[in-house]
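There is one chain below, alone, in structure tokens, taken in the form predicted on its own.
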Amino acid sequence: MQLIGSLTSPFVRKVRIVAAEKYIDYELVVDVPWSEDTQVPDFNPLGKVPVWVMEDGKTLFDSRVIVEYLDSISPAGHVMPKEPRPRILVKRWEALADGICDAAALIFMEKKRPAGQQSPDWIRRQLGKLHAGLRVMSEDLGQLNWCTGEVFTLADIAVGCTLGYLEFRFPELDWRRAHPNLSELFDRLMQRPTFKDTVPVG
């Protein structure tokens, strides 16, 4: 099995962490979808990473689909509850984390355009989503040890990847000071080998 993706993508990192937490072996194929010589569209018609190539050659794309698949193929360390209500709460956390990452990625790409072509209104709109998402994350976490209570789940992985991406790409946001409980959660996550081994580089 293969995982195709970049070393900076929080969505790829999420898949890498889930696979590591569940002791699933795979080959990491580094491919940046923005590069002119990218092969990603050959595996995902949408041209996005991550892409998971299964043993029969078929592919899965979208990190949410991939991590659900990975959680189903190995009995080790389930990261998603089986009961419907707790499961949907974990998926809600994941959707919130992914939404913040989407907004952050749009800001990053917009700022790569020539200064005269950038849209300040567009950047402000995405920043508004980002800050609103962080505020809800912080409120929902409260004083809990983990996002859904006392058990480490996919919710924590998704949130940790989001916070790691913000720290990597947007250190000027200073989200730690605004949301100290998220900062404590992130530091706790960074003590796990699966997070230490997947810090974004590039």
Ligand code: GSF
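Just so you know, these numbers come straight off a predicted model, no measurement behind them. Counting begins at 1, following the sequence as shown.
Omitted from view is the form predicted in complex with the named molecule, to which the following refers.
The candidate stretches are 139-147, 58-66, 172-180, 153-161, and the one lying within 4.5 Å of the named molecule in the predicted complex by heavy atoms is 58-66. Contact between Asp98 and the named molecule in the predicted complex is found at the 4.5 Å heavy atom cutoff. Although the partner is absent here, Ala105 sits close enough that one of its heavy atoms falls within 4.5 Å of the named molecule in the predicted complex. When contacts are judged by a 4.5 Å heavy atom cut-off, Leu166 does not count as touching the named molecule in the predicted complex. The named molecule is not drawn, but in the predicted complex it has a heavy atom within 4.5 Å of Val49. Residues are counted as partner-facing when one of their heavy atoms sits within 4.5 Å of the named molecule in the predicted complex; in 1-27 these are Ser9, Pro10, Phe11, in sequence order.
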